[in-house]
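First comes one chain, alone, set out as structure tokens in the form predicted on its own.
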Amino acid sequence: MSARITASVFTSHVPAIGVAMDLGKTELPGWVPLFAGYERAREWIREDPPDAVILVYNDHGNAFSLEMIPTFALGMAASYEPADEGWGPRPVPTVPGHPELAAHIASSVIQQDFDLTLVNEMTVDHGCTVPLSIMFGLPETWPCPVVPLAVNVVQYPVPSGRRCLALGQAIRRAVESFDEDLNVQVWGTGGMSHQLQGPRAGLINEKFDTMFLDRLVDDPVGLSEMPHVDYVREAGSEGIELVMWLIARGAMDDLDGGAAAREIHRHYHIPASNTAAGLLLLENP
């Protein structure tokens, strides 16, 4: 008996998506096409709900500041309160943790030579809570515990795509050695193409985003070699968040000789608050 990774979820974590849900605006004409694309994902996760989610995201200056930004920070706590990002915390439930699984992942991954920062207390911002809302809606309590993994994509240097893919592989090995029968999903969040400041503010590159989704499914190893300058040039300064999707992709079986991942659903919409929003579901056969 052991845990297993059954699927990966890849999704944008645009803060305005959470605001639209919190304020009951999802039926407004401008939001309907985006949220319609989430219905299949919510149906899928209801059919086979995970026992735990490892949620890869980036903090936006709430749990961490420029005084200290760890490259990879693993949440070890029993719970995580939604952060106040300047206009009050999102009106969503406290995020439940899974300290036992987190401790096991930490031990295994560090022994695989990844230097994780272990965080025993932190808040989680929209990078974590918006993906939960995308997949689960607005429940009174989140339906499963979460192990948050915060990745630095704010202060350069940021980790390479190759390093992120390898971390996903290490996480898969860690989960598979956890002595409990758990259905675990790994979620990679952030992106897609967007830039929030400077002369290129508002940049969206549909061609790049489509290429990224295609290669994420069919050529993740090759995609992991793409240099940071390509992300920034083609997808905008915040497009670098997409390297976090490679962690979730690395956790799939086919990256270690297993059967090819099965694509369940794909959704892409522009614009969502001046950004491109993507969603991809992959299952291990």
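The model shown is predicted, which means the values in this text are computed figures rather than measured ones. Start at 1 with the first residue shown and count on from there.
One more form of this protein exists, namely the form predicted together with a small molecule; it is left out here, but the text below deals with it.
(Q) Please determine whether each residue of 6, 217 and 253 possesses a non-hydrogen atom within 4.5 angstroms of the small molecule in the model of the complex. (A) No residue of the spot touches the small molecule in the model of the complex.
Q.
Is it the case that residue 60, even though its partner is missing from this view, gets within 4.5 Å of the small molecule in the model of the complex, heavy atoms only?
A. Residue 60: yes, in contact with the small molecule in the model of the complex.
Q. Does the 4.5 Å heavy atom contact test between residue 261 and the small molecule in the model of the complex come out positive?
A. No, no contact at 4.5 Å.
**Q.** the small molecule contact at residue 13 in the model of the complex, heavy atom, 4.5 Å
**A.** Because a heavy atom of residue 13 falls inside 4.5 Å of the small molecule in the model of the complex, the answer is yes.
(Q) At 4.5 Å between heavy atoms, is residue 126 in contact with the small molecule in the model of the complex? (A) Residue 126: contacts the small molecule in the model of the complex.
Q. Counting only non-hydrogen atoms, which stretch in 191 to 199, 209 to 217, 129 to 137, 97 to 105 is within 4.5 Å of the small molecule in the model of the complex?
A. Only one stretch passes the 4.5 Å heavy-atom test: 191 to 199.
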